[in-house]
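Taking the form predicted on its own, here's one chain by itself in structure tokens.
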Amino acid sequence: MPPTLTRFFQHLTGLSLLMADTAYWAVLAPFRGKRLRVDDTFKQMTLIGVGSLLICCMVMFFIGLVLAMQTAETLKKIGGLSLVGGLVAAAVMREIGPMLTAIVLAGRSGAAITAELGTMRVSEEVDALETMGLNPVHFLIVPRVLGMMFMGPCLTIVGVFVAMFGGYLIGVFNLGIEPAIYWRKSFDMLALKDIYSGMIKSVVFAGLVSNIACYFGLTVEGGAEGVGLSTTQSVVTSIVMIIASDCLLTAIFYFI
């Protein structure tokens, strides 16, 4: 078997085992007397959510502007300019919002998690935890994974409204759509399926990004150079997995 394919299966196996271990400590262990580290989880929620809020809003605002301008070009030809707000809302809620928010989390918070855990690994802090009989997954991984999975949907919701506001600026001040009509069309075209599919995607993406970041952080080798390499691998792998899982989830929601 080629070395690249061997490494791929090694990483896939290691990531799967870490995700299973994380699920145990996050879901089952609390029922067996192993309490969740709530304070650490709230700390991670603050670091991930507040730290990523500004960049998420900036990205989604510009996406809203772009979507409104692009859809207006087509809708002008069929006399449907009033539908601009609805198309922006549906596209952002169903597809673009969860995916771009996850990519921002991968590039910012995921990279930070990998670098932090990688530094702890090369400085033997993780080994010290194991020597003291403390499980690194319980103490280090679960708070970060839960923190990102809680904040992913929150950032997505905020980003959706910011994108809709960006489309509103184009629709009202450039295309001449009445503000009331813009918002009415926006919410009329949002179906319940769009909302719950977008929220499910955001949770899945956040779980993937956080687990991938933690995995590459814990498997760092080679000192500071290894930390940089693992951080790069973490971000690239996260983005690829976000797009692949988005394709899978979109297919599932399409057929149900």
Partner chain sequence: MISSASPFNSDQPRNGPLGPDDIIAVEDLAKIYGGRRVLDGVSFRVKRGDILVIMGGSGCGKSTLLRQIIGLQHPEEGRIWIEGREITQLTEGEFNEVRKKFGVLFQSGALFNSMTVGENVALPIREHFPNQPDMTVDIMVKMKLSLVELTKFAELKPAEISGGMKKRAALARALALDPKLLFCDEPTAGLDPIRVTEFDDLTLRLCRELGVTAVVVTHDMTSAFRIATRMILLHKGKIMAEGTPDEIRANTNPLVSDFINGKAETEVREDAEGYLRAILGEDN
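Residue numbers count along the first chain shown, from 1. Predicted model, so just to flag it, every value in this text is computed and none were measured.
Form predicted in complex with its partner chain: not shown, discussed below.
S.K.: Only one of 103, 120, 75, 162 gets a heavy atom within 4.5 Å of its partner chain in the predicted complex. Which one?
M.R.: Only one listed residue qualifies here, and that residue is 120.
S.K.: Can you pick out, from 137, 112, 129, 154, the residue that has a heavy atom within 4.5 Å of its partner chain in the predicted complex?
M.R.: Spelling it out, the residue with a heavy atom inside the cut-off is 129.
S.K.: Which among 163 to 171, 176 to 184, 121 to 129, 90 to 98 is in contact with its partner chain in the predicted complex, heavy atoms within 4.5 angstroms?
M.R.: Selected range: 121 to 129.
S.K.: With a cut-off of 4.5 Å between heavy atoms, is residue 79 one of the residues that contacts its partner chain in the predicted complex?
M.R.: Residue-level check for residue 79: no, no contact with its partner chain.
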